[in-house]
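Considered here are two forms of the same protein chain, supplied as structure tokens in two stand-alone entries, structure 1 and structure 2.
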Structure 1
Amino acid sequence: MYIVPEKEIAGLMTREAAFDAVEKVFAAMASGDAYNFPVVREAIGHEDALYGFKGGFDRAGLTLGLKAGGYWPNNLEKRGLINHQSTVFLFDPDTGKAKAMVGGNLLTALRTAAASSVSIKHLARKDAKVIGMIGAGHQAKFQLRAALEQRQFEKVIGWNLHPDMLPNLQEVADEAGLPFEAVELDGMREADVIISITSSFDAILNTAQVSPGTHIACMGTDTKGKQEVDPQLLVAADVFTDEVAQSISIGETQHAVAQGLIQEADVAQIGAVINGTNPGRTSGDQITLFDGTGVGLQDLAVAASVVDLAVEQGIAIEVDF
């Protein structure tokens, strides 16, 4: 089997490779060639850690495996380690033999950014000029970098509950040579694309703060109880997601569905748009909303891609296992 350590991922994986891997696996999910296994997530009663597994099988890409990991809130303070820790394990679908073990920390950020980026490619207006960020933490920088590659954006605007984190967004805008402006939530009306990536448990953005024709990618809500936008926004928008079952249980649509404002049938898979079986955006006035909940198959897809790159470049460690 191959081992690709976390420290090698940055030098191997590109945003383009992550984008391609995620776009392909979303398409495979919608055509029934790939499916995610039920997620396990447990508070283990040690170090306040949340630990779990996200797995799946992609019959089209022949990728079988799981991501194991979670959140150890004391890591940084006690040990100087990052709090989110994960590892991806891949198996040979023909034999069940372990195939690869891959550091999953950076890959998680790249695959999450690739998901919103895929949604922008397929759902945002072609003439989108202003991108609005809600959230300015670790993931927000990855999200913004990836999104800026999808349209000819001319300006970045941002809001964050903790304004001291806004320089993170400024830094990415500077890298891209774009102006950055911190705005109030009402200022989001200027945005053609909005990405929300926060740890919020209450709605931040409401319908009146979104202009017709906007594409919104809600990326922060990945757990029961979390929330980033007013449920009425899901009524106003055409709603897409990575996986419908996950979206209505732990994603942004959980609230609108629980309140009876929308039904499960109102939520479409982004993969269907990629495959051309769902028309996606059909007018310049439509609000589109992508609920990116984060599925195991995304992790497996980027891990498989990084293993190929590592083997190609002679970086993968091969062990007889």
Structure 2
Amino acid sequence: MYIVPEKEIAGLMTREAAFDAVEKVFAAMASGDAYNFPVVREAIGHEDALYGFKGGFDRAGLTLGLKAGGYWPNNLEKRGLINHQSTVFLFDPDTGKAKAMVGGNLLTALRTAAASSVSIKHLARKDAKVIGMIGAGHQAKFQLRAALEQRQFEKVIGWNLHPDMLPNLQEVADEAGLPFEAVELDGMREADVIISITSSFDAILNTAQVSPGTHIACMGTDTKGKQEVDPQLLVAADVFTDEVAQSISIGETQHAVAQGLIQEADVAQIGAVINGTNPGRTSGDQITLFDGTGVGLQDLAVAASVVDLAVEQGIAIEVDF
């Protein structure tokens, strides 16, 4: 079995490689060549943590495994650790033997950012100029860096419940040579693309704060009860997701479906847009919304890529297991 420690991931996985892996696995899911297992996601009653498992099997790539981990909200303040902690385990689909253990923290950040970036590529207007960020934590910086590569953005605007974290967005905007402006939520009407990346359990963004033609990527809702936008916004939008079953159970879509505002049939797979079997955006004033719940196959795809690179470069640790 190979072990690829967390400390080696930054030197192996790039944003471009993560984007390619996630785009391909979304397409494979939509064509029926890959599928995810049911998610286990629980509040464990300790340290306010959410912990769970996401797994799946890609028949075409012969990638089988799971990611174990979750969200420890007190880590940064108490221990100087990032709040999201995870590890990916890969198995040989022919024998069931453990094949690799891979540090999943940076991989999770990269694959989550890649997912919203894929949605921007395929659903945002080509002339999008202003990107809005709701949330300014650790993951927001990954989201913004990846998103800026998909369009010729000219400005970044941002809102965060705690404004003292907004310099995180300013930093990325400065890196890209773009102006940054802190706004109230009503100011999001200026945005052509909005990414929400929070751990909220209450709706933050409402329909009146979104302009026609906007693409929204909701990336923070991955647990039952979590919520980032008003359910009425999903009524106004054409809704896409990574996996429909997961979206309506633990994703942003859960609330609109539970209230009977939309049906499961109203939610489309982003992979179908990638494959060309769904037209995606069809007009300039259409609001599109991507519910990025985060699927196990994303983690497996980027982890498998990392293992191959680590073995090739002699970085992987081989153990008899």
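What you see is a predicted model; the values in this text were computed from it and never measured. Quick note, the numbers are simply positions in structure 1, starting from 1. Definition used throughout: the rigid core is the maximal C-alpha set that superposes within 1.5 Å between two forms.
The chain as displayed in structure 1 is taken from the form predicted together with nicotinamide-adenine-dinucleotide (NAD). If you fit the rigid core between structure 1 and structure 2, you'll see the Cα of Ala258 move by less than 2 angstroms. In a rigid-core overlay of the protein, Gly225 has its C-alpha displaced by under 2 Å between structure 1 and structure 2. After superposition on the rigid core, displacement of the C-alpha of Tyr71 between structure 1 and structure 2 amounts to 2 Å or more. For Asp94, the CA shift between structure 1 and structure 2 after superposing the rigid core equals 2.6 Å. If you overlay the core, the Cα of His46 moves by 5.9 Å between structure 1 and structure 2.
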